[in-house]
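Only one chain is given next, in structure tokens, and it is the form predicted on its own.
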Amino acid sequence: MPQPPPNKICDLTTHDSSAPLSPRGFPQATLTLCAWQKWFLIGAVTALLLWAVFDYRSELLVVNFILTVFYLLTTLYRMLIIELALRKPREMSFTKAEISRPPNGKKWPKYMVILPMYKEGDVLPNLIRGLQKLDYPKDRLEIRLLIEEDDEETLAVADKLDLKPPFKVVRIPKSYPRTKPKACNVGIEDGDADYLVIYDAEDQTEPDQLKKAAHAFAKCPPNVACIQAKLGYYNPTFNLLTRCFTAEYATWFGLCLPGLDCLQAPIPLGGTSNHFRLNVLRQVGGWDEYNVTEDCDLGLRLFSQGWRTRILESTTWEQACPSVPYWIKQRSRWVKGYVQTYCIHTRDLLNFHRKLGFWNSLQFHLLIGGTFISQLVNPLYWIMTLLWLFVRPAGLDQFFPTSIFAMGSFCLFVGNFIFVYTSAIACVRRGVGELAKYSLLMPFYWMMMSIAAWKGFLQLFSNPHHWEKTKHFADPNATAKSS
């Protein structure tokens, strides 16, 4: 197993905002676009404008054809990974008897738990109570609360709790950028552990998850660097938004990620319940502190360097955001990070594709690129569909010859039906079958996703590193009633 180099993961004093590389040498989100990407974008926009001046009809037809083909491919790919998840489940699972003793008959491995938080005083007591229930030997466990040094609210609550080992408060120096991945990198600079897991402030994990993950690592080959547990919501039925959000998570963690596991494809990690081999995490440079969807980037960076991720049949329960404005902020950050990640990993396009190979490169474009591109172009096609159904403006049909119309109709009718249907299946498999009927409303939820996508995309040009913090409510039911 490769060993991490001795230098530190992050240097809080030497970041150069014009440099595209981190102190560890991996591409970093300090810049969204490198020089050739900027010139390519300028050239493409210029060419499209000139083409529109001379023959806008042909241009619209070609652009519509390209977007429709790409949309069709992303739809078919999503269908493929869902079908594989249903037909060939690969999640790693363990019985209570198996995890009753250490893997390989030895001592339990040392585990480090990190919890980055900012202004989370309201939820901290519940968090501590949940972590105290972890079924793992306390002498092999260290739980680090990563709290910003100027977060007096959370620090005051932590002091009142009078925390004892395995808990440890780590004060994160006030420095730019003010992001979760920066705090995580500072939090793992020192310490001796075999494995590390990251949780969010509102998480309620299954007590035996660490033991399951330890057994999963022992069972996997050495090139498996990460074990991703599943995420669910403990407030799924509060309002319509939480119901749709729960259905989305049930599909993503219950079908999409297991399907990617079946294909042994690049897996964009969730932001919590990622279990890592700590030495590998340090070796690859930790998280990109400038990327606002740092988990997706880290999953791809691990894969491109030869490491693999497996999915664990264990759940961490989170709080589904019950407020539309806060949900929009959270989702816009995710989409902005997907665009950042896509641009970063395509800076050295040929070398990146050479590392991944044709099939994995194609999956990267369809999954990461396809996710945000589809969400951005969806409103355009919804508008054209409404115009076609109710107005029928003269000339619109010339942009939809038979081939384009057939592909678009498949995505609109067959694709949406399948995704609604599989969303209902995912709810039943996740144990929230009473939410299956709300899958019929998912197309409206996807419209909200496009609104958030455009917000995040436009923010790339004005404030690319701004962290739209997810709001955690101490009493989500009481708070959401006023949202």
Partner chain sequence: MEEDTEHKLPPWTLPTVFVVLLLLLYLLPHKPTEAMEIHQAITEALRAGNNWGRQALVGNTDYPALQSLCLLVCEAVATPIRLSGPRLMCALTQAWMLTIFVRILLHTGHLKLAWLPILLSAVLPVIRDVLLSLDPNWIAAVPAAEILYHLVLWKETKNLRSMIVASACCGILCLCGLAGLFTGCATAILLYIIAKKDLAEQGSPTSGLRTLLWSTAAYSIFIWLLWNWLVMDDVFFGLRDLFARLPSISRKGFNLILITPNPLSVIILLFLAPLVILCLKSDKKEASQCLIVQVVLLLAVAALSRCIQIPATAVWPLVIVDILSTVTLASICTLPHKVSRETTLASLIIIILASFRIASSFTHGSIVALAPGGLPPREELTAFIDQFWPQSRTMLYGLKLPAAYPDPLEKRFVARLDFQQDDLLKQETDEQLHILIPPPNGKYYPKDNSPLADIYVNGRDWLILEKQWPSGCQLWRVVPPPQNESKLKFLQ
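Just so you know, these numbers come straight off a predicted model, no measurement behind them. Residue numbers count along the first chain shown, from 1.
Keep in mind that the form predicted in complex with the partner chain is missing from the display, and what follows is about it.
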Counting only non-hydrogen atoms, which stretch in 261-269, 81-89, 299-307, 276-284 is within 4.5 Å of the partner chain in the predicted bound form? 81-89
Taking heavy atoms and a 4.5 Å cut-off, does Glu434 contact the partner chain in the predicted bound form? yes
Considering non-hydrogen atoms and a 4.5 Å limit, does the partner chain approach Leu350 in the predicted bound form? no
Can you work out whether Phe417 and the partner chain are in contact in the predicted bound form, taking contact to mean some heavy atom pair no more than 4.5 Å apart? yes
Check whether Trp388 has any heavy atom within 4.5 Å of a heavy atom of the partner chain in the predicted bound form, and answer yes or no. yes
Note which of Leu441, Cys34, Leu41, Val428 lies within 4.5 Å of the partner chain in the predicted bound form, where distance is taken over heavy atoms; exactly one does. Val428
Can you pick the one in Arg392, Lys164, Lys96, Lys106 that has a heavy atom within 4.5 Å of the partner chain in the predicted bound form? Arg392
